[in-house]
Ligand SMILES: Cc1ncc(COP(=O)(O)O)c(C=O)c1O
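First comes one chain, alone, set out as structure tokens in the form predicted alone.
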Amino acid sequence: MIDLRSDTVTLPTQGMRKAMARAKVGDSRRGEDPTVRALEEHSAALFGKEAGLFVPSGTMGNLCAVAAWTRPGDVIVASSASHIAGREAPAVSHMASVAILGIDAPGGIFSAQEVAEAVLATPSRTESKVRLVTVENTHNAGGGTVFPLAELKRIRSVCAKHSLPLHIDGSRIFNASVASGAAPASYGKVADSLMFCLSKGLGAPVGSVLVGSGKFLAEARSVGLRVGGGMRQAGIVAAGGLHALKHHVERLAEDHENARALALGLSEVPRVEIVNGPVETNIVLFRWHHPALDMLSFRDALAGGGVQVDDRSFPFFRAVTHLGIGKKEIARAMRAFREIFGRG
């Protein structure tokens, strides 16, 4: 099966499995797991930060960041289509007790001016004020769009003017780095905190890392423990993440190339529209106009051709390339797409 539903479906490589099998472990909750410590230190160094925190998921990493930077009743700024404002909103709102002020921006890329306007949007007569600005890079719902580093620097200036921390939800930050040519440390320099996922394009089986100052991480770690983030011999999975950081970053360019090839092929199919062209990273958003099949029939037909895509918004689709997808898989997927989209 050619699985294009997400880059979370990747499987550990043989080299990663060997690294995990050889990992030295200890009680991570007590700070005694040497592999977890090595992952956290390596991650922090990549982004020029003092410390790192290994957590089970990106959602938990963002929650720890938001709760560490804010207090109940505060307001955070985010793209209205971001993961934090969407799927993570219930957790952030309930557990951190903050409100989300969304900026409606094309592709999830907003400007420093829009941030400045959002900061001043809360009425002075209320006690609720903006206390944190968040940015998603790359932006998932926008189709893997890369947030320009120059604009991030301008947003950073706005945040500094208002004494606000800037947090980057960098689930796919290494895709952004490879696509833009900006080093991870460049993103770390503009952000007060940053979270990235190991289990997406990097191909590790589980986990994310939150990086920032030592003081911030101490508070974030406390939040993580309160919501059940304490792990034990987590070095086994941390070793997979460490291997990914050392061996799977540069190859993300292959995923981007394959995504562009897929988008090009789909653009040549009648009644198929590429929504996020030109494709920047590893996500292709496309729409099928006047579908001849309903969603279940389409899903069955595509599966019969050995392909899966994210079809939750049928006839709007998302296809994501990853380390399990090569040129041969793209060619096979295109044959299946041509057959199905050519029906009716």
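Quantities reported herein were computed from a predicted structural model and do not represent experimental measurements. So that there is no doubt, residue numbering starts at 1 and follows the sequence shown.
Just so it is clear, the following notes concern the form predicted together with the ligand, a form of the same protein that is not shown.
- Residue in contact with the ligand in the predicted complex (any heavy atom within 4.5 Å), chosen from Ser28, Thr59, Asn276, Thr70: Thr59.
- In terms of contact with the ligand in the predicted complex, the residue from Arg221, Arg156, Lys200, His256 that brings a heavy atom within 4.5 Å is Lys200.
- Judged by heavy atoms within 4.5 Å of the ligand in the predicted complex, the contact stretch among the candidates 110 to 118, 133 to 141, 236 to 244, 157 to 165 is 133 to 141.
- The ligand in the predicted complex is not approached by Asp192, whose heavy atoms all lie more than 4.5 angstroms from it.
- The ligand in the predicted complex comes within 4.5 Å of no heavy atom belonging to Ser79.
- His248 falls outside the set of residues with a heavy atom inside 4.5 Å of the ligand in the predicted complex.
- Under a 4.5 angstroms non-hydrogen atom cutoff, the ligand in the predicted complex lacks Asn175 among its neighbouring residues.
- Taking the ligand as it sits in the predicted complex, the stretch 67 to 98 comes within 4.5 angstroms of it through a non-hydrogen atom at His83, Glu88.
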